[in-house]
Each structure stands twice: as C-alpha cells, then as structure tokens.
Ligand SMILES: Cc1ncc(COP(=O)(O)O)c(C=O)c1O
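So this first bit is one chain, no partners, the form predicted alone, shown in structure tokens.
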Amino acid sequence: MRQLASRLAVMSGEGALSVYARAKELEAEGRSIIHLELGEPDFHPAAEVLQAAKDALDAGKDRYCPVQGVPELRQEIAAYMARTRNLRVPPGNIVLAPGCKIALFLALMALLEPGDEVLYPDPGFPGYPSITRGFGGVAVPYELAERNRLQPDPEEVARKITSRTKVLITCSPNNPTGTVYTDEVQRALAELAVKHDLLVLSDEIYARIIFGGAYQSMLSYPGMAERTFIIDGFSKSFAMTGWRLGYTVAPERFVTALDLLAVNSYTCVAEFTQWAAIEALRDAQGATPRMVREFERRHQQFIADLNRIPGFRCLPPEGAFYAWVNIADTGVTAEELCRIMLEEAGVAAISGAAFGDAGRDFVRFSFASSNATLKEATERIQKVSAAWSAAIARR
C-alpha cells in the first residue's frame, strides 16, 4: 500500500486544539468548562465591519478577485502600516492570504531549500518549527528565558547562526509569553540579519495589543526593508478569527513568488471579507483601542490572582492576551497540572511544552475572557491546588 509523504512525520499539531477537543468532550458530558486555552478574543467585529460584509454581498462581491487582494484593501493596509507603525509600505508589496498561517506557510515555502536553517523563538508558535521541518528545513530554537525577562538573547542568536542559516523568525508581542521585544534587542537582531544576510519573518499579529508605548516593527530598522516579511492579519486585533484573513508585507523581489504560490493554492481570498476588512482597518468607532484597554484591565487582575495560587509565578505580559505561568515550584509536571485543572476544576489551559522545550515548566492561559470568568477560573484552580500545595509546604 502506498504511504503518506514523509514530510508529515516531522510536522506537529497544536496543543491548544487538542486541549480544546478534550474540553468540548467534557462539556458534552454536562461539565462546566472555562476555556482559557484558545487565543480567541471574546469580542466580535465592530458593527460597521459586519455591515460592510453584508453590503459587499448585496453588491455581488462574491466572485474571483485579484490574487494579491483587492487594490482598495492593499492601499488601506499600506495606510494602516503608516498610521500604526510609521512604515512606508507600497501596496504592491502586500499579498492577502486566508489567514496568517497560510501567509507564514507560503513565505517559508518560497524561501527554504532542504537543509536551510531557521532560527525561531522557544517558546513560540508551534507552526514555526513544524512548517520549517515540513519543507525540509532545520528548525533551530533560540530561548526566551525567564532570566532575560523572556526577551531574546542576541548573543545566543549570534552563536547559533551558521553558513546554512537563512531565516530568522521574530514574534513581538510573543505567543505564548506576551513579551514585547525591546528596541535594544530588536536592533541587535536586525544588525545580525544584515551582517549575515538573513531573511526575517516578523510575526506581528499581536502588534496592536500592547500595554503601553509605541510598537516598533522589525521592518523599521536600517537594512531591513529588503529582507523583512511582516506576517499580520485580522484575527487578534480586530476579533475576526473565523474570517480567516491575513497578509504578508514582502520585499518587492519576493512578491511574484508569493503570488505564484497563491495561484497554485487558494487562488484568492473571499472578496466580501476583504471589503469588510477595509472598515476594520479604518476602525471609525475605535473598537480596537477599546478592546486593548479591556485586555489590559483583565490582565492586571488575572496576573495578580494567578500569583496567589501556590507554586504559580507569572511575569506581567507586555502585550497579546496570554499569561505565561512558571509552575516549577508546584512539583507537578505542567501536563499533569493541566490535567488536574481541566478534569477536576473545569479550567482548560495549555502545557508550555506545546510551545517548545523551553516551556516545559510553564502553563499558558489566555485572558481573552471576561473578568468574571477569569476570577471564577482562578477560584476553581485555588480549590484544586491542594493536589500540589501540600507538597510545597513539606519542602
């Protein structure tokens, strides 16, 4: 019997989705489950976004459209980049995709030859190493360590660069840690990219969700315009997760390749969603800043409550909507702790190992839920913490 392609053996799934599946099984049995495993805002798109989608459908905008995306949306994304990140991006350098994962997938497909090395953050989004290995690349992690306040260490990155290193992936704010890379760190990474002629994939899907200060894109540093791919989209900042709409801002010389890959895969992104996305970017009612302010309020309460649970230790995130909790002091593995929380407390969270080896002593919680829900979640966890707090007391 014919076998599946060997690339599937080196790829991996996502821990969040497997936890979600088990949580839904428990719900089907009548259990009350608090979902803190998925990175999905509990908001919905603004009213004007929904109306724009309806208007587009009524106007017959449900046909094939330009592969790169409708010109009006690409122009609006360019204006958005200038307004929110002080970047001057030609609309012709923007390629729409049905979600950021596809944008990341096609960028790596366009860039990697078998044996090429890709530096990626650990902990980080599981797709980085999985997709890299699927294309025959070598995934090389650089650690986001607690001793460095979860910032990349440019010296470590420099030590890991070899003659085969081709791509450096950055993600700020980071999933799962919520770390916003400092200007000093990003500048050092940019200098390494220029020095070693590396291409950079800057995952900026959480760029609008930061708690203080202005966002600095990797594209803004000297020498980076010709080597940086921005991966961004509408899922997180505009609460449009199910719309499956992302994009790549690419150096001009790579746009034709991305266009070719789009033609050979998804053809084009649904036209009516693109017209709705224009209204999302314009954000006439300030929906995104309002949502970010709410996330900031939530995280202040949630982090404080988590740090009161025996054996939990959490640095306040600077962006995104994740709490990255060190649970080493509990004496329980992250996997077992997540099992206890889900099966006994009805709280779904993700073991940090799902995001890389550096996450083995951590658990990720999403705080994209209401304050009341988050408060109930920590109260439930407190009640089952007896499973490990007695061991802490004996030490």
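These numbers come from a predicted model, not from an experiment. Quick note: we count residues from 1 along the sequence shown, nothing fancier.
If you look for the form predicted together with this ligand, you will not find it shown, but the lines that follow are about it.
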Listed residue that, although this ligand is not shown, lies within 4.5 Å of it in the predicted complex (heavy atoms), from Ile205, Leu150, Met81, Ile94: Ile205
Option touching this ligand, based on a heavy atom within 4.5 Å in the predicted complex, out of Gly134, Gly99, Pro141, Gly311: Gly99
Partner proximity in the predicted complex: Phe302 to this ligand, non-hydrogen atom cutoff 4.5 Å: no
Any non-hydrogen atom of Phe238 within 4.5 angstroms of this ligand in the predicted complex: no
Proximity of Asn175 to this ligand in the predicted complex, heavy atoms at 4.5 Å: yes
Heavy atom of Leu258 within 4.5 Å of this ligand in the predicted complex: no
Among 111 to 119, 277 to 285, 205 to 213, 85 to 93, the region lying within 4.5 Å of this ligand in the predicted complex by heavy atom distance: 205 to 213
Heavy atom of each of Phe125, Tyr128 and Cys171 within 4.5 Å of this ligand in the predicted complex: yes
